[in-house]
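Read the single chain below, which is given as structure tokens and is the form predicted on its own.
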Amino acid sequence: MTQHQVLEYDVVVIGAGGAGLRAAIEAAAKGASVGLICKSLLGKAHTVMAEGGVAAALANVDDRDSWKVHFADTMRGGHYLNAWRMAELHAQEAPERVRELEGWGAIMDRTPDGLINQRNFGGHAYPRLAHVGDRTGLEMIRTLQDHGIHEGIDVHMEVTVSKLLMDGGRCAGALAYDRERGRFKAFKAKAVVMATGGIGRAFLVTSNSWEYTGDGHALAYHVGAELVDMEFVQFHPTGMVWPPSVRGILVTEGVRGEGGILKNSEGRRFMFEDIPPLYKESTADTPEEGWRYVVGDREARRPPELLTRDHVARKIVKEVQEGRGSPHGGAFLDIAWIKEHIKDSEDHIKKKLPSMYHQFKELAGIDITKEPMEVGPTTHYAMGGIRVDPDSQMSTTVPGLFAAGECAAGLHGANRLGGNSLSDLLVFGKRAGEYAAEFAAGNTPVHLQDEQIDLAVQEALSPLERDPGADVGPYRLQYELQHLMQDKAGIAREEGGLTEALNELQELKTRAQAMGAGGSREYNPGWHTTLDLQSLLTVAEAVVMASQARKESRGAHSRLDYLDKDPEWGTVNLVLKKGHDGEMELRREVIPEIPEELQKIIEEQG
């Protein structure tokens, strides 16, 4: 029997990004004792990569904005596969959450009148993104951490959860190990909040950092939680493509929100082609001249570069495929052109986009105030995740297990609008923490069996007991998985490739189960990668199965063999669950009918 430390809390939060921090703060404010588990260092959350802004209908820049317009935009952007109740709560509560954050010390950019400034972003009818230059996520994390330290939260940094622990059918805690020494910790809790982020590391080209291995999705799935919408993986249209060492690093949509335009190798602004019906086309070369975005009887200036992310990403891929791409397989994103219209444009760009200026200057040797950037699609965000109750954020099938942020599904449907991720984590992080604390207070203490913990420890240690071999190392296997997903389940999919992907995933799973890590528990990144692979393989299988089942193109899911939307799929979610035989099972489920009053809002907003 391996020794392990036992820590007991009312609520354990797994993940210390924006959703996890907001959940921990709320649970502690409700009187719960809270343990916060952080896979990396506190402050290194992926939330800091969300640079452009937080979407909330504050109506500070355009007073026509409202929660109803935001709700309608979110539903339209998600192709109406969203959980409509989550979209309603999100739009209604986002302004309060942003003002609350400001009250906690967040320093936002200001309008001349001293209000929180807001910028345009893709898919939003009006300027809606409250921002801090292009470092909004960083400011949010700083504010949440500064506020959270006063709530008495215990933070466990550089600790990875390997398995959720159960008391009967109820989630009762988690087994974890510290990444430095490999010492095990059993967290005993009346409620567990999953806030682990996304799955980007299952793909080769991604904006996601090393932590994003789908841990929350997989951990929840293996104790009976349902996953939904896993076919919808968002490829952000603008990631760096050169040099190879920085390929995939995010180039914020804020560049386009501040006037950046996309051009092909011929110098042509290609986004004016194939405009969706909501847009009235203009032949002008600048967003200021003659371009109109029309929804119902409302109009707003909208450059075509701020169409939804799925549309822009596919347009860039089309230019590359037809031989009009940039030298390194992308397109040119140009913000320097604004010098023709804005006095002191260099200072303006550096003020509005300081991180992007330094990122390209230091990593690519490009001065974005003078020359265009090379960009291309990068795996960015998972719309799919753990299926939760819209109000409480508790798993629909596992009592005591809650989820918030990117690892929870429902809000975004088939495609997420830029900026909605940050307001999502504030709104539903708060709700998850609140309801987790209530659940903990209203339920009896949990009991953890030593046998369950010992078995989980043995499973985690088993790679160290196997021969690492010469050809089946964890890094090689992860690389093969990423190549497989990028090539056969990436931005454009088809039946043959997805069938091959499923077969190859089964082979990779067999190899992973026999794979050894070598070395000891201490300072062993190979062991960590071996355990991460179990999560990556689970989420990869879910993405491929759902992608194969949905025989249409909708939102972020694009099929080369089914290029159009199919009305038959327009009201259907795909739900995945672990079967009694241990195999992944998939079923179609019709989305509950939207209430008449919300349907009326959608119709009124166009």
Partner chain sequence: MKTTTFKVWQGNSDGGELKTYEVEVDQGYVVLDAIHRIQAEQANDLAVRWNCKAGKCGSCSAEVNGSPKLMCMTRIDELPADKPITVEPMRTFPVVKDLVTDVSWNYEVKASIKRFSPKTADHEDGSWDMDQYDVERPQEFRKCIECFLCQDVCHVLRDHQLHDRFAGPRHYVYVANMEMNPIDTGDRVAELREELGIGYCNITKCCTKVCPEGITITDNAIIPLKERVVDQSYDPLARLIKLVKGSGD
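Positions refer to the first chain, counted from 1. These numbers were taken from a predicted model, which means no experiment stands behind them.
There is another form of this protein, the form predicted in complex with its partner chain, and it is not shown here; the text below is about that form.
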Self-check item: Interface membership of Trp242, its partner chain in the predicted complex, 4.5 Å heavy atom rule
Solution: yes
Quiz item: How about Glu26: is it within 4.5 Å of its partner chain in the predicted complex, going by heavy atoms?
Solution: no
Quiz item: Can any non-hydrogen atom of Pro474 be found within 4.5 angstroms of its partner chain in the predicted complex?
Solution: yes
Quiz item: So, in the predicted complex, is Pro327 in contact with its partner chain at a 4.5 angstroms heavy atom limit?
Solution: no
Quiz prompt | Site test, Gly114, His150 and Glu362 vs its partner chain in the predicted complex, non-hydrogen atom cutoff 4.5 Å | solution = yes
Quiz prompt | Stretch in contact, per heavy atom within 4.5 angstroms of its partner chain in the predicted complex, of 482-490, 152-160, 231-239, 317-325 | solution = 152-160
Quiz item: Though its partner chain is not shown, can you say which of Met356, Ala456, Ala186, Met75 has a heavy atom within 4.5 Å of it in the predicted complex?
Solution: Met356
Self-check item: Candidate from Arg85, His348, Arg170, Arg99 lying within 4.5 Å of its partner chain in the predicted complex - any heavy atom
Solution: Arg99
Quiz item: Hey, which residues along 28-63 are within 4.5 angstroms of its partner chain in the predicted complex, non-hydrogen atoms only?
Solution: Ser40, Leu41, Leu42, Lys44, Val48, Met49, Glu51
